[in-house]
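Before any questions on binding or motion, here is one chain by itself as structure tokens, the form predicted on its own.
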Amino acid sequence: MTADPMRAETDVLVIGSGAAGMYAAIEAARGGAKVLLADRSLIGRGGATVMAQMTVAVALGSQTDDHWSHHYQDTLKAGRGLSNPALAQLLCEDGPDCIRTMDEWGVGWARKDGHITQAMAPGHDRPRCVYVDFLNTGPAVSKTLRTVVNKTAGITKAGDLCIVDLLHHDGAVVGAAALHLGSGAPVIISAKATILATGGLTRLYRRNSASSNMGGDGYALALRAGARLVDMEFVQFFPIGHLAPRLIGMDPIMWDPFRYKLGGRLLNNKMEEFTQNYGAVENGKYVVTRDVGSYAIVKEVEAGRGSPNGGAFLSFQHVPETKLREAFGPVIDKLAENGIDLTKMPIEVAPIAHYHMGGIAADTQMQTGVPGLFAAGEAVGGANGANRLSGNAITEAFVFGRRAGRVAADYAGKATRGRADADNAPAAIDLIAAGAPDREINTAEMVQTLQATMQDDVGALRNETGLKRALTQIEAMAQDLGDRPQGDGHRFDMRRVDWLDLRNMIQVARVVTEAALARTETRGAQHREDYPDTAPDWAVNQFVSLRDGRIALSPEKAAS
């Protein structure tokens, strides 16, 4: 194929078009910048936001007396001593304004007696989570932001772009190189400022709630560009992801609002409640935090008390049908279409990879320490520490996206450096346009192998033996992958896309595994069965950088 690239130029390049990316693009354009919003998916329809069904945590105080400082304290408590206080404060303090702005944009937050409704969620000290409805909040958020993006002058949208590497010149990021899926051609995007809003890494796991482009791309891109990552060992598993019976056309993480609204009971195969045996006495409130819930279910399965498909039972059989229909009317009918009658049968649930607390190290201006490079949303690490408080994800997307867009626009307005002569552009073009190696590998199978390795050995319950086994497997896969992409490089060449994805996924999987192995304690989402206690000496954040192409971990005492 030809190595002659297509070229584009912009003030601010936003990579990723979930809530964080779209909000960043809107704010950057409103700040006077020319914006290119790029994604491999249709703009506003990929990533995690459009899949989110439930609630958004924010201290509005519309129904119950509240203040951002209370939300902040709950966020720090959930983070198990590792949250970055400045980022957590930004999230909680700016959240209400973003929610009100979304309300002005017509998102349609649920209301009662003229006030935005606020619901209770696990880990919160009072009702503070807003929603559109319990199963469509994410789609409504995405639709609203897409509408505003389409109405905002200065934003150009570009789908079908698989970002391969960030471009740099004299130590600054000056854009990105991409593969245009529709033609197979390389694309060079010159930009004064670049925002990574690429989401998390949960595609690394066999059971996950993510879209297919949540493989940690942004982390790998940032790392190779010289940025640091932080808290990479902390992968949050949603404890009650749907397991059985078969569920078609519904989100596997739909059960949380059912449980805390209606009192769903978690049971082992003896039909006994068990979370109280793991330090989570729920007293009928059913608000166990996600890290403890995941751990409890995994341990019950390990002890032989799991459900037939390797999880736990979730039962609503004690709830009258009238109450079920009052709370979730149309959903009950959709469940019936799947052969599920909650009044007569429990369903099976099990932990599912859902969110990543770690990510790109950034300050409250969303600056990464690399000139010209900013981060937003779940791509940012640190705010949530070792465990994310329920409902903080979309709030984080709004707040960090808004801040990144504003600051990047200001940076771009002041930038004078050249943008057309990136140091690594020739190498990036050569990689995208390279002919396939003589030896073929099954990249789709390799993705499945990596996901199985991460699920089994770097999942909700970890130990030294499994983590070392995972590192051995990851290293072997890196060797098998080679340094030239598979496929012929023609339009929609999924072998080439899989190879590029694996390049990032393997690198990020290695980082997560090495960080998990180094942290010899149990804290938040990191459960080490060989180190079951929380160690005071491990009140540190682990920062990750590349040194001579190798991963380097640097522990730093957590800020207080």
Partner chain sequence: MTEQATLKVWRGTDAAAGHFDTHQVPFEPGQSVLDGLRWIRVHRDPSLAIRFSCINANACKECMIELDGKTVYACTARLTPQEMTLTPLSNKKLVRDLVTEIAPPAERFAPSPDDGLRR
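Please read these numbers as outputs of a predicted model, since none were measured by experiment. Numbering follows the first chain given and starts at 1.
The form predicted together with its partner chain is left out here; the points below concern that form.
The putative spot formed by V187, G249 and D488 is fully lined by its partner chain in the predicted bound form; each residue has a non-hydrogen atom within 4.5 angstroms of it. Within this chain, G263 is remote from the site of its partner chain in the predicted bound form, having no heavy atom within 4.5 Å. Its partner chain is not shown here, and in the predicted bound form it never comes within 4.5 Å of any heavy atom of D410.
The closest heavy atom approach of A8 to its partner chain in the predicted bound form falls within 4.5 Å. Contact annotation: E514 falls outside 4.5 Å of its partner chain in the predicted bound form, judged by heavy atom distances.
Residues within 4.5 angstroms of its partner chain in the predicted bound form, judged by any non-hydrogen atom, belong to 152-160 and to none of the other stretches in 100-108, 318-326, 116-124, 152-160. Taking a 4.5 Å heavy atom cutoff to its partner chain in the predicted bound form, the contact residue among T465, T472, Q365, N442 is N442. None of D430, E272, D423, D480 but one reaches within 4.5 angstroms of its partner chain in the predicted bound form through a heavy atom, and that residue is D423.
Shown without its partner, the chain has M494, R495, D498 in segment 494-521 as residues with a non-hydrogen atom within 4.5 angstroms of its partner chain in the predicted bound form.
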